[in-house]
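Single chain ahead, by itself, as C-alpha cells, in the form predicted on its own.
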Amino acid sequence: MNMEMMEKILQKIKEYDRIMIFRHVRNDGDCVGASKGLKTILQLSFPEKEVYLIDTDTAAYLEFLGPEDEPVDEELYKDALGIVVDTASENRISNKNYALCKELIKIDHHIPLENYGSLCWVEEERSSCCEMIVVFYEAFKDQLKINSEAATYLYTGMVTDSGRFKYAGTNGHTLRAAATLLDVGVDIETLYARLYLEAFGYLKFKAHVYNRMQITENGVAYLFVDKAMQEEFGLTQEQASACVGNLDSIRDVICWMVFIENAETETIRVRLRSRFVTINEIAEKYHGGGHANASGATVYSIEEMNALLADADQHVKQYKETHEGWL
C-alpha cells in the first residue's frame, strides 16, 4: 500500500473545485466500477465539488449500472483535476478531453507501460482497480463517505476482473476489500443475475464455440470468431470477446485465446488468458499488453494471427518443459 501517494492524491482532490474522471476505451466491469465508484465516493464526501464522469464508450452488459454524465463545455476541463482509472497508457483513455485538464492523476493496476500525469499510483499486484479505490476509501474513511450504490459499482469491478475471485491476483487483501463493500451493502443475488444470466441464443453460440475451438500441439486453445459467425449468432464485439472465458477449463491447456474479426477496422482483436504461464509479453509483441495472465492484442492479418499463435505455442512449450505442477 502506497500511503504517501494516496495522501498526495487526497490532497489534490481537496485542492480542486472540479474533478473529471476518465477510464479506458472498450470499457469493462473494472474501469466502469472504479470510475463510477470513485465518483460517488467523491460526491458523498465533498458535496460542494463538481464531479463529472463523461464517456460515450459504453458496454451493453454494464448498462444496468446506469448512464454517465452529459457532455459539458470543454472550458470546464481546463481548470479541473483529471483522474484516470484502470488505464495503462494515455492512448487508451476514452474521453480525449482528459488532455485539457490542469492536472492529471493516474490510478491503475496494470503492468506499467508508461507513466503519465503529475501523480501516478500503480499497484500491479492488485486484483482490480476497484480494489485500489476501496483501499483508498479505507485509508481515509474518517474523511471519505461510501454508500451501497458506490459499493455495488466497486464490487462489480472486483468480481469481473478477478473472475469471481478465482484468478491469481486474488488474495487476502482482495477478500477483505470485498468484505468492506458487502458490509456497506451489495445485493449480490441481483448483481450476479445481471452479470451472468445468458440469453438462450447465446447459449447456442457457446455450444458452437465448443464445436469450433482448436488446440495447438503444445496446449494453446483458441477460437476465431469471424464476421460470418458474429452475424449468424447476432454477436456484439463484447459478446464475441467474452467467449474467451468458455475456454478456461480444459485440462493440459494453460493458455487460451479468442480472435475476433472487426470488419469495420479491418483488424482482428485478440483476448489472451492463461494460468501459471505469463502471456503479457506475447500481447506486447502484437500491439497490446495487459496483465501477466490476462492481456489483449491486435493483429492485422490471418498471417499475423498465425504468427501470434505459433509464438504462444512455443512459449507454452518452454514453460511446460521447465516447470512442474501445471494442470
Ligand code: AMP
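What you see is a predicted model; the values in this text were computed from it and never measured. Note that residue numbering begins at 1 and tracks the sequence as displayed.
Below, we turn to the form predicted in complex with the ligand, even though it does not appear here.
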*Is every one of H110, R271 and H287 within 4.5 Å of the ligand in the predicted complex, counting heavy atoms?*
yes
*Do T40 and the ligand come within 4.5 Å of each other in the predicted complex, heavy atoms counted?*
no
*asked:* Taking any heavy atom pair closer than or equal to 4.5 Å as contact, tell me whether R92 reaches the ligand in the predicted complex.
replied: yes
*Heavy atoms within 4.5 Å of the ligand in the predicted complex: does A59 have any?*
no
*asked:* How about V299 - does it come within 4.5 Å of the ligand in the predicted complex, if we only consider non-hydrogen atoms?
replied: no
*When the ligand is placed as it is in the predicted complex, which of 263 to 271, 65 to 73, 50 to 58, 32 to 40 ends up with heavy atoms within 4.5 Å of it?*
263 to 271
